[in-house]
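So this first bit is one chain, no partners, the form predicted alone, shown in structure tokens.
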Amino acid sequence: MGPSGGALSAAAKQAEQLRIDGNAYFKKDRFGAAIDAYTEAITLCPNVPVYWTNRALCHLKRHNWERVEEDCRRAIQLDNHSVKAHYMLGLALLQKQEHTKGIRELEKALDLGRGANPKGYMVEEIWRELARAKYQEWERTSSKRSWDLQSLKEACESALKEKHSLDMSHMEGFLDDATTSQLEQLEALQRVFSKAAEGDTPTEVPDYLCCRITLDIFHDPVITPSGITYERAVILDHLQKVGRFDPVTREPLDPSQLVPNLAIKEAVQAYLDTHGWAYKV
């Protein structure tokens, strides 16, 4: 026979007090004491996701990545929409050199974090870690692509020069024509390989993919009733600290009027997929 409702309520209250105690210890950097408090809370109420994520954060502060992973996986089992759990799990997996899985968890956290309650808004923090991981991934793959392209280019140039030598031996009296043809072929080859390397050559990110205020590529774009797109964190900060009006049009603007700009969000992602250097922060 299970515990009575009164016993459950008492356990829940005790667990919640332990969470509050743990938070107080955490703020004083007493991570061991905080872990103990959260562990007691988990023992009393093991199905509360925040107890697991709070303890995971303590383990993260101690760089105990194995424990971070364990607690975050348990939190995700209880709440698959936990932004913090996916975020910290992503960090733990990156520390274990499981880059693909780590990036996937960070992307999940970013997706869940967009449009979250401003008090728990973590998009900028998540973006920094995701961008760092994606940029490092791009560096590895682009280096290999550059090496492969250069090797292929040299092989093609060598083949053209060999062909030119053979043609020269059979085209007495037409040497100028053969030389001109070879130069044209080499120039065409250079254009082909330059085009192939364009995606890995840093340039300027198109203006329409960047916030008008930060001038950085969008992380969480939102559009106002006037049709202007801003970075969510930046426009919310403006509305809170400066005034409730659109900084460009000066028209009245309330946070509730901000709508995710899904078209720009998808355009940014498509651009980043083919221009990994743009992740650099």
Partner chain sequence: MTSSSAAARKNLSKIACNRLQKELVEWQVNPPTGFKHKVTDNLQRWVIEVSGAPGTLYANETYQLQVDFPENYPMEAPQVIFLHPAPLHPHIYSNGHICLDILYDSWSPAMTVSSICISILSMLSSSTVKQRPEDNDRYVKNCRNGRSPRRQGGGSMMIKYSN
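Note that the structure is predicted; figures quoted are calculated from it, not measured. Positions refer to the first chain, counted from 1. What we label the rigid core is the largest C-alpha set whose atoms superpose within 1.5 Å from one form to the other.
Keep in mind the form predicted together with the partner chain is missing from the figure; the text below concerns it.
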Inset, instruction - Look up in the model of the complex whether D237 has a non-hydrogen atom within 4.5 angstroms of the partner chain, and give yes or no. - result: yes
Legend entry - Non-hydrogen atom contact R212 with the partner chain in the model of the complex at 4.5 angstroms: yes
Inset, instruction - Evaluate R62 for contact with the partner chain in the model of the complex, applying a 4.5 angstroms cut-off between non-hydrogen atoms, and reply yes or no. - result: no
Legend entry - Contact flag, P49 vs the partner chain in the model of the complex, heavy atom cut 4.5 Å: no
Legend entry - Site check R128, V242 and R250: each within 4.5 Å of the partner chain in the model of the complex by heavy atom: yes
Legend entry - in the model of the complex, segment of 141-149, 69-77, 204-212, 95-103 with a heavy atom within 4.5 Å of the partner chain: 204-212
Legend entry - Yes/no, E66 Cα shift of 2 Å or more between this form and the one not shown with rigid core fixed: no
